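The form predicted on its own is given below as one chain in structure tokens.
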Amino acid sequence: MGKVSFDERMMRRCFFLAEKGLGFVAPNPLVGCVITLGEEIVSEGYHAAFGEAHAERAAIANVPVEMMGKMREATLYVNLEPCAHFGKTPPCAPLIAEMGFKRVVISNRDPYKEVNGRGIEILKAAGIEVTEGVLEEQGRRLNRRFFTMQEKGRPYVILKWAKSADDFIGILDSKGKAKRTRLSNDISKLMAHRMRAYESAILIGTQTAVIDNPLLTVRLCKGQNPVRLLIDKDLIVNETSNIFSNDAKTLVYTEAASEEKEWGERVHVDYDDKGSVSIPQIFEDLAKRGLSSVIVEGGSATLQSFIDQGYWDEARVETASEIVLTRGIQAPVLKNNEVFRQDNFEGHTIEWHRHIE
């Protein structure tokens, strides 16, 4: 392994800082910023919450007063191209240009049409040396939700299920009806709640809502609750169900007319003659709402529909090796995938799969 450059070390520090905003900045990207003089860190900052200061402005605000006069000799590291447009906050690129930093180092260009390349142009026009592409792949991975929304016009989709050692996700009663089946343990349940806190929305179908009656909220760790999404063609799920609690907003994708309710909102979408929902229409609605990621945690049929249509990016598959069900509801079958991470604990394995398009 070759020697890690100072630029790479500082960019990794930007990534570390940026991740502090996970679960709070969406639909904005995760951004961290480091300001250095020589090889000394002068200041740091990150985008902490949607609507608050961007990472560059936070870092500049944190520069000690006695160091402000030296910024023309300083280097600013930021993992995403500084913005060049007015949004919730003023643009960062003109401020950086005005301060006259000697150099700006960037991991990724911002794919947002109002920025893409314009921020870099502003910096170069001010005589600032700009270095692009430092740890570019890692930067895209960090902001995979943001890049997916900008480039594909849909949220980043994470499929999630737990299965027995013999590939069943649930059991059936004597009449062939699905029964609530717990396959996760306390540790993986805690991990699942942390995952919810990181993503914008979580989706289930009618049967899961009826059988499991889940809250779909963050309770075992700190974080914001995701928006709850329910695919319920004929409005079967009772309004007293947990998914309609006051803990979080709920959107119901139904064949019925759109309607605002006290507990949330019904959103009309199309269904085909087999009763399958239009996933692209759900994505279109989520994009309009700025929901940049969604966990699909429904039953086997819901999960398989996303898989078969290629509408997924990652899958988190937990296997309880000590549980054998013999019969029941078959687990979904992934296609065009590769495992990129595996966690093992207390007889359980969690495999993370990446969708290969």
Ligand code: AOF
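Counting begins at 1, following the sequence as shown. Keep in mind that this is a model prediction, so the values were computed, not measured.
What comes next is about the form predicted together with the named molecule, which does not appear here.
S.K.: Have a look at 287-295, 47-55, 303-311, 323-331 and name the one stretch with heavy atoms inside 4.5 Å of the named molecule in the model of the complex.
M.R.: Contact criterion met by 47-55 only.
S.K.: Does Glu81 reach the named molecule in the model of the complex, with heavy atoms at most 4.5 Å apart?
M.R.: Answer yes; at least one heavy atom of Glu81 falls within 4.5 Å of the named molecule in the model of the complex.
S.K.: In the model of the complex, does Trp263 come within 4.5 Å of the named molecule, counting heavy atoms only?
M.R.: No, no contact at 4.5 Å.
S.K.: May I ask you to state whether Cys92 is within 4.5 Å of the named molecule in the model of the complex, using heavy atom distances?
M.R.: So Cys92 counts as contacting the named molecule.
S.K.: Report whether the minimum heavy atom distance between Tyr198 and the named molecule in the model of the complex is within 4.5 Å.
M.R.: Residue-level check for Tyr198: no, no contact with the named molecule.
S.K.: I have Asn28, Val31 and Phe146 flagged as a candidate spot, so tell me whether each of them has a non-hydrogen atom within 4.5 Å of the named molecule in the model of the complex.
M.R.: Contact check passed for all of Asn28, Val31 and Phe146.
S.K.: I need to confirm a contact call. Of Phe244, Tyr112, Trp161, Phe283, which residue comes within 4.5 Å of the named molecule in the model of the complex, counting heavy atoms only?
M.R.: If I apply the 4.5 Å criterion carefully, the residue I get is Tyr112.
S.K.: Using a 4.5 Å cut on heavy atoms, which of Arg141, His85, Arg180, Lys124 is close to the named molecule in the model of the complex?
M.R.: Flagged contact: His85.
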